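Okay, so here's just one chain, in structure tokens, the form predicted on its own.
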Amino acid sequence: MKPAIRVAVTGAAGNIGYALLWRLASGDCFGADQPIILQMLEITPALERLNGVKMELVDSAFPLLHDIVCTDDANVAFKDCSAIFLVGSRPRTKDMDRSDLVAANGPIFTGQGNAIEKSAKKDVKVVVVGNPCNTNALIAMNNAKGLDPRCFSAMTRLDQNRAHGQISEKLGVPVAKVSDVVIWGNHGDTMFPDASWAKVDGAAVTSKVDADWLTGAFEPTVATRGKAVIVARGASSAASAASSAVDHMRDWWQGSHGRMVSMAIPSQGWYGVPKGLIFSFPCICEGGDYRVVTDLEIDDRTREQIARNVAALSEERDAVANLL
């Protein structure tokens, strides 16, 4: 069996963290032969609850789980970590707009970026789940300047999974047969779920469904799915977010086997997106790294949607410029 790797989860006693931990401990993310040490971070008032989570993990007797650390100190949580899930963030309340949420979360991710640079492995893989995840990842990345920016990503895999689920239901096929929907931009209302290259059982999705459905129902359903979940269950997405975080990290760690997967990563100017902006692109993962698929022929509508997302994310970036 391989030596154990250290994996950190912030907000570990919250709903997403709780759903995530069991998937990590079971081997779903890093492989059935990869032991892990879980290092769980919470705010001080939640430490007792976190200890209860630890008790349940111990009681689950996972063979791959070699140790568990509970702490309210980010440097302890990130010490020697190879992978980090930044799940914990300030939740949005009814009186907050998105700019308020961006400002409230800024200081959290400033401190966590500093701690990651100081304590984690230099090739650590970080995925930001806590919203607004693109801008939170931007803040963390810019406060860990000693690390390669490619260590940082934000999760748009939930949006891709939602898109695959919608196509699966529409066509009445197992979701495993659906692939290659691209999420451009932000994990927010402006995101653009693009089915131009999507396939179902090897055939183009665009040959199976009419264009009116893709633009008239599919796109807004995916973009606003989070709100619909809140209305239906009275709480935000938790299990699906955790599952998508596992998918994101698993493919980054083990490879996507030729499939295009959506990851929000620091732009190098691809598709005209300003350098440094955390933006969701189509990627292929292999060898523990990712590469952006740069040769897709995009139409004017897609260019407009990319520009719309650039504008939204640039506005968020400007709102936290003092933290970068």
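Every value quoted in this text rests on a predicted model; they were computed, and no experiment measured them. So that there is no doubt, residue numbering starts at 1 and follows the sequence shown.
What follows is about the form predicted in complex with a small molecule, which we do not show.
At a distance of at most 4.5 angstroms from the small molecule in the predicted bound form, all three residues G14, V129 and L158 contribute at least one non-hydrogen atom.
Of the candidate stretches 165-173, 108-116, 246-254, 145-153, only 108-116 has residues with heavy atoms within 4.5 Å of the small molecule in the predicted bound form.
When the small molecule is considered in the predicted bound form, only one residue from I183, L138, V87, I84 comes within 4.5 Å through any heavy atom, namely V87.
Of the residues given (A120, V178, C133, A195), C133 alone sits with a heavy atom within 4.5 Å of the small molecule in the predicted bound form.
At the 4.5 Å threshold, heavy atoms of I43 reach the small molecule in the predicted bound form.
The closest non-hydrogen atom of V200 lies beyond 4.5 Å of the small molecule in the predicted bound form. Although the partner is absent here, A241 sits close enough that one of its heavy atoms falls within 4.5 Å of the small molecule in the predicted bound form. Put simply, S237 is close to the small molecule in the predicted bound form: some heavy atom of it is within 4.5 Å.
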